[in-house]
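The data below hold one chain only, encoded as C-alpha cells and taken in the form predicted on its own.
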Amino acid sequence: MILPGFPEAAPLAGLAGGLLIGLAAALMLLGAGRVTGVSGIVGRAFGINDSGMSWSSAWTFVIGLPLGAFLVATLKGGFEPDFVPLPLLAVAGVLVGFGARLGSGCTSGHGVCGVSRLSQRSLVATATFMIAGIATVAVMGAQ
C-alpha cells in the first residue's frame, strides 16, 4: 500500500507494530499492574529510580528491545545500519532523557499508556511530542 505523498511509508507494518505495542502495554498492565514506560524501565535498570519492576526484569526489557528489532530486521533479509554521528547521537540521547525526566515519562509511557487512560498530563505531553516532531521534520526537511 502506497500513501499519496509518502512513498516510503509502510502503513500496514505500522499498524501491526502499533497493535503489538498496545497488546504488550495491555499485558503489562493486566499481568503486572504496571504502566509500560520505557524511560522508567531504563531508569530502573541503571538504578536511577525504583519503578517497582525487578532489576533483572528491567535489564531483560532493555536488552530485549533492540535485540527484538535486530532479529526482525535479520529475518526480513537484513539491514544496512545508517547511524548519525556518535556525538550528535549522544546529545540527542541526553536531550531525550532530560525531556523524559522533565515530562515525568517518555513518549511510550505517555503516548501509549497515558493517552489510553485519558491522563490529562499524558494528553498534553503527547501533543507536545507531536508538535515537536512535526517541527523537527519541517526543519530537517528544509535542508
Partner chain sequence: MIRTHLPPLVSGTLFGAGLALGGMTDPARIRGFLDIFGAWDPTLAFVMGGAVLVMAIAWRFVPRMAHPLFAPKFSLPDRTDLTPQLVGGATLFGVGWGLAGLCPGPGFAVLAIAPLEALVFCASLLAGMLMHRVFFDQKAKAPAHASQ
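Positions refer to the first chain, counted from 1. In this text, rigid core is short for the largest set of C-alphas that superpose within 1.5 Å between two forms. As the structure is a computational prediction, the values presented were derived from the model and not from experiment.
The following text describes the form predicted together with the partner chain, which does not appear among the structures shown.
- When the partner chain is considered in the predicted bound form, residue 2 lies well away from it, no heavy atom lying within 4.5 Å.
- The partner chain in the predicted bound form is approached by residue 81, whose closest heavy atom lies within 4.5 angstroms of it.
- For the stretch 14 to 39, the set of residues having any non-hydrogen atom within 4.5 angstroms of the partner chain in the predicted bound form comprises 14, 15, 16, 17, 18, 19, 20, 21, 22, 23, 24, 25, 26, 27, 28, 29, 30, 31, 32, 33, 34, 35, 36, 37, 38, 39, in sequence order.
- Core-superposed comparison between the shown form and the other one: the C-alpha position of residue 134 differs by no less than 2 Å.
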